[in-house]
Structure formats: structure tokens, C-alpha cells
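Just one chain follows, in the form predicted alone, and it is written as C-alpha cells.
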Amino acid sequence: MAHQSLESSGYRTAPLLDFVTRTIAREAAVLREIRETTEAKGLPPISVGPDEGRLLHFLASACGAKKIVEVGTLAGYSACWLASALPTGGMLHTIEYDPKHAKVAEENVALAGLTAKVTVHIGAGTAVLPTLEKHGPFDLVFIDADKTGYADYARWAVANVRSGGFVICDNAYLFGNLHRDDLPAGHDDKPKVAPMRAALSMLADETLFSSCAMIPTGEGMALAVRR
């Protein structure tokens, strides 16, 4: 049988995805509250969705993560998904540039009962990441921050994730513009193309990673396993 994409086959319908979310990507009431109140608290509604959150939880569980770094906290929604997969004594270090966002994230983490497993660091990723190296090596690094910084964040992850650990990049499709060389000057995504491609090239480098895949979420989630 010839291969068909979900879109061309017509399988990927809204009712089907709603059913899958209810059945497999179940979202705790507290997580739904965090997600649904993010915009009302003055933050942009750009968190991962419940499907991606469940996927992050699965991946953290699959690699037996005890120590995780997240670059890009926002309201703490994805942090809660990741931290909820950690065993007792596990720790997620999550980095947020905006102090207002960090405060909301800390409140949401507390609401979810995960304060003991999450440390929110305020500052630019490139400034905070070196300070975390003493806590490594890490089992998983999740990158979901400013796209112009992806190459730097991926490079840090390569040096600080253990063998068999995961490096994950969200928004890897770059809002549909990853493949475009014709973006006009002034386009918001033009300065993001080269750093995103560089990050993905690192994840695809078989001297660094034993396996790499693009998970076709709505935004694209790139995943690689460190050698």
C-alpha cells in the first residue's frame, strides 16, 4: 500500500485528535488550569499543548530522567509535565528570561505540587546554562526558547547530556519556514533560520548522536539520543 500522509489521507481530523487527546494525552485538571489561565495572566499563549506535554512526560520517563534542563519556561506548563515524570529526588532546572514569566511559573509549579522538583532560574539561557554544569551530566535537555539561540543551546546540550540521554528541540519546523531561503529582509523568522538549521544539523550528526527523528507535532519536535 502506498504511503499517505495523515493530512492527505484525511485521517487527521479534529474529532480524531480530540478523541486521542482525551484518551491518551490525558491532562490533569491542574495542568489544564495552568494552560487555560496563561493568557489571562498577561503571558503569550505559546506553551506546548497537552499532546506535546504528554509526549515530553513520556520521553522523560523513557530515558529514566532524574536530572533535566529546560530552556524556556514561560508559565511553567511544560516544566510541570517534565517534572511530574521525575522520581523523588529528581530535579528540573528551567530557565526563563522574563522575571514576570518566571514568577508566574513558580506559582504554577507550586499549584501543581512540584516545587521540590523544579528550580526556576531567571536570566538569558547563554548566561544561566554554564552555571548549571556542576549539576550535570543531565538526562534530558528540552529547548523551547528564543530561536536565534537554538544553536548555542544545542551545543551546550551536546556537552552536558549523558550517553543515552535526550536532546529535544520544539518549534523545529520554525513556523513553516525552516526550509525557506527566500524570506525577505525584515521577516521575523529570517534571523532564526540559520540557528535552527545549525541546531538540527547537530542533532543529526551521527558522531554526536546515535539516533535522531523529527516528531511531526504541529510545530515539529526534533529529538536525538546522545552517543
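None of these values were measured; they are calculated from a predicted model. Just count from 1 along the sequence shown to find any residue number.
Keep in mind that the form predicted together with a small molecule is missing from the display, and what follows is about it.
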Considering only heavy atoms, tell me if G90 and the small molecule come within 4.5 Å of each other in the predicted bound form.
no
Using a 4.5 Å heavy atom cut-off, state whether N108 contacts the small molecule in the predicted bound form.
no
At the 4.5 Å heavy atom threshold, is A124 in contact with the small molecule in the predicted bound form?
yes
State yes or no: in the predicted bound form, is some non-hydrogen atom of H101 no more than 4.5 angstroms from a non-hydrogen atom of the small molecule?
yes
Of the residues A199, V48, A172, A60, which one places a heavy atom within 4.5 Å of the small molecule in the predicted bound form?
V48
In the predicted bound form, which of the listed residues (L86, V118, A154, I95) lies with a heavy atom within 4.5 Å of the small molecule?
I95
Can you check 191 to 199, 64 to 72, 177 to 185, 161 to 169 and let me know which stretch has heavy atoms within 4.5 Å of the small molecule in the predicted bound form?
64 to 72
